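In structure tokens, the next block holds one chain alone, the form predicted alone.
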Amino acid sequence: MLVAACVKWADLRPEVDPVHGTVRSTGRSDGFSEADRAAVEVALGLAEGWGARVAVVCAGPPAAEAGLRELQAVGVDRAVRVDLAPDQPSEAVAASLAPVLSALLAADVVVCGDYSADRGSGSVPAYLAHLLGAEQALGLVGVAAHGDDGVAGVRRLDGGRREDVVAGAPAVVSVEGSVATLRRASLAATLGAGAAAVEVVPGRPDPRAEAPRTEPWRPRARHVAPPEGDDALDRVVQLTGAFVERTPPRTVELEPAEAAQAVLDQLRAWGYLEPPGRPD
């Protein structure tokens, strides 16, 4: 049996330009987030209870190999680095990790941090569960072994409530950084891990990936006809729509499918979407 922990190499303290708001990574503070380190500790604890092996899979550049060797010093049996640029979206990260977890490692249980230190979307574990066809238990605040190959967890709910969940292998779970503290390696293990082997697998970059946005999303501009009128007042009235009858605000309660259609119809009425049958 094999338990795999997925981690991501990211800049933990990037520099932000105070004038332009652009984010710049210097590489001096790169590492694994607290959630990723907790995932490794949870994987080690589960493997000890089952007598299983532990592997760590990292999405990141060559600089991440130093961090992977530190994880090998605490007891990880195998380290694999997926060569992937740090600006890839969650879909591309999951698509690169899934073949390694299924074909190369044949992992029974996959443990991830609930979010990464760069994008922080927390969606990679869900994508992995879908691609692997595995059960998922995400955002756990407590994890324990359940039987010979299952995971029992506690999930945080609103209002201070908790939910007990159980996932059987194959399973993908994600944990918060407060779940566990990564154990410290001995001096002998640290020195021995300096020459440990790290396997490298090419990633699958997403050709649709865009550069990180530093501005809010805005709807695209609408093309409208120029105003008509004999004088400036008529043209201003036409531009402002001062005498145009408007639809008053209303509250609508519909089923999800009908509500989605109502939103699309309203966006088309405002001119943000093309009419049905034309590409949006």
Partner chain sequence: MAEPTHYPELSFESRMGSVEFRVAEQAHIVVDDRICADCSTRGCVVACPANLFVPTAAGGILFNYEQCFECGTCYLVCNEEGAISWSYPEGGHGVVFHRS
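Positions refer to the first chain, counted from 1. By rigid core we mean the largest C-alpha set that fits within 1.5 Å across both forms. Every value quoted in this text rests on a predicted model; they were computed, and no experiment measured them.
Missing here is the form predicted together with its partner chain; even so, the following discussion is about that form.
Note that among 79-87, 137-145, 103-111, 177-185, the stretch whose heavy atoms approach its partner chain to within 4.5 Å in the predicted complex is 177-185. Remark: E258 does not count among the residues lining its partner chain in the predicted complex, judged by a heavy atom distance of 4.5 Å or less. At the 4.5 Å threshold, heavy atoms of R222 stay clear of its partner chain in the predicted complex, well away from it. Within 4.5 Å of some heavy atom of its partner chain in the predicted complex lies at least one heavy atom of S29.
A residue is said to contact a partner when one of its heavy atoms sits within 4.5 Å of a partner heavy atom; D265 fails this definition for its partner chain in the predicted complex, lying far away. Residues R13, E15, D17, P18, V19, H20 are the members of 5-20 with a non-hydrogen atom no more than 4.5 angstroms from its partner chain in the predicted complex. In the core-superposed comparison between this form and the one not shown, H20 has its Cα shifted by at least 2 Å.
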